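There is one chain below, alone, in structure tokens, taken in the form predicted alone.
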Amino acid sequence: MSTVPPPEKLFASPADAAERLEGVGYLTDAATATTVYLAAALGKPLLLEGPAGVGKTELAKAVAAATESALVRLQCYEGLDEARALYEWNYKKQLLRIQAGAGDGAQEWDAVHDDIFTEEFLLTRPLLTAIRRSEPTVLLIDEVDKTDVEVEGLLLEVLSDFQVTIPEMGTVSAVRRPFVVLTSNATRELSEAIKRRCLYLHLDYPDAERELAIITSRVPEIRAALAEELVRLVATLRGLELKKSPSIAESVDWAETLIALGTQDLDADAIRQTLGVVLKHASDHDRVIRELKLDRV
């Protein structure tokens, strides 16, 4: 029978969460700060869903930095399996152990079998690593929507009971509950079983005021007027429903690019010359140049 460790008291209140996240460079809104606080207070995994580039992964990193926790990351992809997510056995080392036992001819197979399925031969992967840590830990399960549905089954035991079952060794239960963040770009619908175990937060692109604050905090040397121009232009680009809209990080990159070039005004020439910072598809370039009439200047 599992004993789930009590939740960590990472934040004193939603306001404390907002302040400490801002202290590590992540500017948040009230809804996000409140949900982060509740996920920590209730000990529930936090499912972040929203378009790519809105800061989902960065939020997990910010929670780790703000709480002085280690970040353990499971990057999900199509074809991810138990051996890469949970654990696997060190087969080469096991084979050497078997060969060594056979050499002296003294050991029975049962003894060798019991020996090779022990801690010495176990290779831990992110989920098991996070469960076994006794220090503060943020477990980031990134882009969970890219995995197969079967992988979600592997996550259920971790997300509900904070434990992992290894048939040869038994159940490994957490001694300290990690703060768990799952991110999804909503490329497919996640199972209800996963959602039931999590608090849910949909992150979208920030409003103009918050994006301006993010850019000026990350690139303090940018002029206020130029930053405002940049924020308005990025909002316009996102409204065009491009193949890939500019992310927050790319907005910051664009601001740094303008500073590096000594750009004072975001005129047509400056936009054309630097579009590659935020647009990564030729079709998006063509559409923006056409929609903003940059080819007529």
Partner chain sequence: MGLVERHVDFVEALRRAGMPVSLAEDLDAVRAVTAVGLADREALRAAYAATVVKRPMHRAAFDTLFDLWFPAVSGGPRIPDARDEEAQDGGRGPDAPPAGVPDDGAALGNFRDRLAEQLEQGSEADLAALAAEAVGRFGPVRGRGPGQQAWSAYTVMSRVQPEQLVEQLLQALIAQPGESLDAVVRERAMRTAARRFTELVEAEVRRLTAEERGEEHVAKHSVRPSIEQIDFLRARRADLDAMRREIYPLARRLATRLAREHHSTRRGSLDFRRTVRASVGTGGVPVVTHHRPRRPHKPELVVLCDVSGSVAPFAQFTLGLVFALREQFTKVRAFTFVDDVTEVTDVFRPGGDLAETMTELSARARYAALWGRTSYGRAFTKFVEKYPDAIGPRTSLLVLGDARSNYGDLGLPHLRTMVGAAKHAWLINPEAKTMWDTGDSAVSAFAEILQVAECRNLAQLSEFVHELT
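As the structure is a computational prediction, the values presented were derived from the model and not from experiment. Residue numbers count along the first chain shown, from 1. Think of the rigid core as the biggest set of C-alphas that the two forms share within 1.5 Å after superposition.
Beyond the structure shown, there is the form predicted together with its partner chain, which is absent from this document and is the topic of what follows.
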Any chance 147, 202 and 291 all have a heavy atom within 4.5 Å of its partner chain in the model of the complex? yes
Given a 4.5 Å cut-off on heavy atoms, tell me which of 128-136, 158-166, 219-227, 186-194 is the interface stretch with its partner chain in the model of the complex. 186-194
How about residue 240: is it within 4.5 Å of its partner chain in the model of the complex, going by heavy atoms? yes
Considering only heavy atoms, tell me if residue 34 and its partner chain come within 4.5 Å of each other in the model of the complex. yes
Within 4.5 Å, heavy atoms only: does residue 268 come near its partner chain in the model of the complex? yes
Should residue 287 be classed as touching its partner chain in the model of the complex when contacts are defined as heavy atoms within 4.5 Å? yes
Among the candidate residues 27, 38, 65, 248, which is the single one with a non-hydrogen atom no more than 4.5 Å from its partner chain in the model of the complex? 38
Within 218-238, which residues have a heavy atom closer than or equal to 4.5 Å from its partner chain in the model of the complex? 232, 233, 236
Under a superposition restricted to the rigid core, does residue 269 display a Cα displacement of 2 angstroms or more between this form and the one not shown? yes
Using a rigid core superposition, assess whether residue 242 undergoes a CA shift of 2 Å or more between this form and the one not shown. yes
